[in-house]
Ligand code: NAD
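Below, in structure tokens: the form predicted on its own, a single chain.
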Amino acid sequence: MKVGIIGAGQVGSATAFALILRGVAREVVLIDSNEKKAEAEALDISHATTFAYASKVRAGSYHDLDNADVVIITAGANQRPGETRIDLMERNAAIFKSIVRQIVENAPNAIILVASNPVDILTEYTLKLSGLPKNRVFGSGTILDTSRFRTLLGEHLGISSKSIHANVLGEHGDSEVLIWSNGDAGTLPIATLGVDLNRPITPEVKARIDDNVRNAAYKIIDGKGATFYGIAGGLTRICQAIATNENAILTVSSFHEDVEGIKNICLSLPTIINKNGIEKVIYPRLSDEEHALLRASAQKLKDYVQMP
């Protein structure tokens, strides 16, 4: 697989490193307006290939995206302490106009994967700018939020997060929805398993996990300025599903004609990912409260997109 990464900042370089170290990509091209930065990151990462796989990573230009299978957009302004992802939109929209045009010109057959925030709105913006089919333009969405949710549940229950099926849906942001009603592990609902393991999921536990999932990015940004390792892992997982034609179900952000009555919006739902990009969206079973929360999340995104 050949992957282009637009933006050699912390997210872009961490993603390139993860792709190379896990052997998901055999070639990675890093592109950045700061060519010296891209060259330095590519050189540093290339020195790790001896310890991993015989992959190639190099700095390049948009012309070097020819025959790329996936192009990941990580470029954009960083989220500032106390700033919401929505606040980033105006600063990042202008950057995307030039980026998307050059991707389509040089890699017309690639899948475009958006990671820059606010990812749901920028995914919709990229879809419109590119003119590509909706299965080939999607965002990282809540894949990281879902990982955080499963990690925290695993820590509470004392089991591997890989054994837990529980998702975060909707906006990748403040209105995201943790889906408690259908989470399970070992065929048991997580609430039942919690009782069996003498680790009940009480309202206090739910509140703590919800807070740690919903506000994780703000806490990390406050402590070290940016989040990048987690999302790099998520982007690598998406690329793996594409490279291996896996039909993996991942919570990516894509275009939906209707979500809880809200029309034509991008947000995260369980989605089958393979070599074609998006194969099918699976609409989840939800509680009445979760239906209402998902609608509110969709409405929030719709209201922002429609703002003048």
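Quick caveat, the model's predicted, so the values are computed rather than measured. Residue numbers run from 1 along the displayed sequence.
Below, we turn to the form predicted together with this ligand, even though it does not appear here.
- Interface residue among A166, V213, A75, L129, judged by heavy atoms within 4.5 Å of this ligand in the model of the complex: A75.
- Screening I179, L193, I99, L152 for any heavy atom within 4.5 Å of this ligand in the model of the complex leaves a single hit, I99.
- None of 44 to 52, 279 to 287, 243 to 251, 26 to 34 except one has non-hydrogen atoms within 4.5 angstroms of this ligand in the model of the complex; the exception is 26 to 34.
- With a 4.5 Å cutoff on heavy atoms, A93 does not count as touching this ligand in the model of the complex; it lies far away.
- Interface membership of N117, defined by any non-hydrogen atom within 4.5 Å of this ligand in the model of the complex, is confirmed.
- Shown alone here, G4 lies farther than 4.5 Å from this ligand in the model of the complex, counting heavy atoms only.
- The closest heavy atom approach of L19 to this ligand in the model of the complex falls outside 4.5 Å.
- By the 4.5 Å heavy atom rule, the three marked residues V11, L144 and A226 all count as contacting this ligand in the model of the complex.
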